[in-house]
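The chain below stands alone and is given in structure tokens; this is the form predicted on its own.
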Amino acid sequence: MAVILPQAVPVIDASTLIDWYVRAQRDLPWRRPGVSAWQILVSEFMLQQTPVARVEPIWLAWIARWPTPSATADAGAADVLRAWGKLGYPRRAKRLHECATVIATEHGDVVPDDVDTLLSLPGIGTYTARAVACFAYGKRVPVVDTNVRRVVARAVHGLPDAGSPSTRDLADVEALLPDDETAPQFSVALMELGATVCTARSPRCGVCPLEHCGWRARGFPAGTAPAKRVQKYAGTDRQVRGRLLDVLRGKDSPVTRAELDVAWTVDTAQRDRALDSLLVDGLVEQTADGRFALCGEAD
């Protein structure tokens, strides 16, 4: 009777991927020599749901102004929101300020190097904790973002897309990590491959450095999941919140309700809802006489 051997799970050759990365990597400022763990942490906060091109100039200005956690913590929360500018999702700025304060006061102004301690800091989740441990401190920990999940789904599992996040994602990536000092570089290379070559909509398979790809071996089967809807911005509460914050960023003293009202006249109920949400999030405060200001400037 014939013996059916289990099929080997395809692996990604670390040396091939790292060699490609050395040649093809983007020149991103937070990857350069001399960048501190704090500065890498700032980049990770900013890069959440935001393209690199928008982050780079704001990151450079931020690091020049506030190069350490204590420098950021000493800045007013309102100044931090102003410096955040048009990156969007301004709650990230507030959480980054809170994170800086904890690092400065409880960790001697040094970003922790272990995942568990990083996870205890404000605004830091599973991905960010591992990214900082890996990219700033060279720890052998799996770093999983959307790009990494997509590469693993295609190259290892032969699937056209990654599907929904799963508890097995970390284990999948950890199994691919080299057992030596090249593990951190492999991690960033895997992410770079997903960001620049193995992209979601138009993968550049002709220039992929991987010798084996399960998806390619299967003839590039099409995905069965419905196409993701493009998230609109125009007319959303996010846009209204941004308009209201723009008014406050441009002032160095509290403003009246009338000054805020002119920022969005299309839908007054939506404007009121957006303002309420900014107050709930702590991004905007109200003075005793009923005016409005960025957090920390209501006094």
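Because the structure is predicted, anything quoted here is derived from the model rather than measured. Residue positions are given as counts along the sequence shown, with the first one as 1.
One more form of this protein, predicted together with the DNA, exists but is not displayed; see below.
Among the candidate residues 243, 65, 251, 257, which is the single one with a non-hydrogen atom no more than 4.5 Å from the DNA in the model of the complex?
The residue in contact is 243.
Tell me, which of 104, 80, 121, 136 has a heavy atom within 4.5 angstroms of the DNA in the model of the complex?
That would be 121.
For the chain shown here without its partner, which stretch in 83-91, 70-78, 169-177, 106-114 has non-hydrogen atoms within 4.5 angstroms of the DNA in the model of the complex?
Every other range fails; the passing one is 83-91.
Each of 235, 271 and 295 having a non-hydrogen atom within 4.5 Å of the DNA in the model of the complex: is that the case here?
No, none of 235, 271 and 295 comes within 4.5 Å of the DNA in the model of the complex.
Considering non-hydrogen atoms and a 4.5 Å limit, does the DNA approach residue 191 in the model of the complex?
Because a heavy atom of residue 191 falls inside 4.5 Å of the DNA in the model of the complex, the answer is yes.
Quick one: does residue 220 come within 4.5 Å of the DNA in the model of the complex, counting heavy atoms only?
Output for residue 220 is no: heavy atoms all beyond 4.5 Å of the DNA.
Considering non-hydrogen atoms and a 4.5 Å limit, does the DNA approach residue 212 in the model of the complex?
Heavy-atom contact with the DNA at 4.5 Å: absent for residue 212.
Can you tell me whether residue 205 touches the DNA? I mean in the model of the complex, with a 4.5 angstroms heavy atom cut-off.
Outside the cut-off, so no.
Are there residues in 122-157 with a heavy atom within 4.5 Å of the DNA in the model of the complex, and which are they, in order?
Those in contact are 122, 123, 124, 125, 126, 127, 128, 145, 146, 147, 150.
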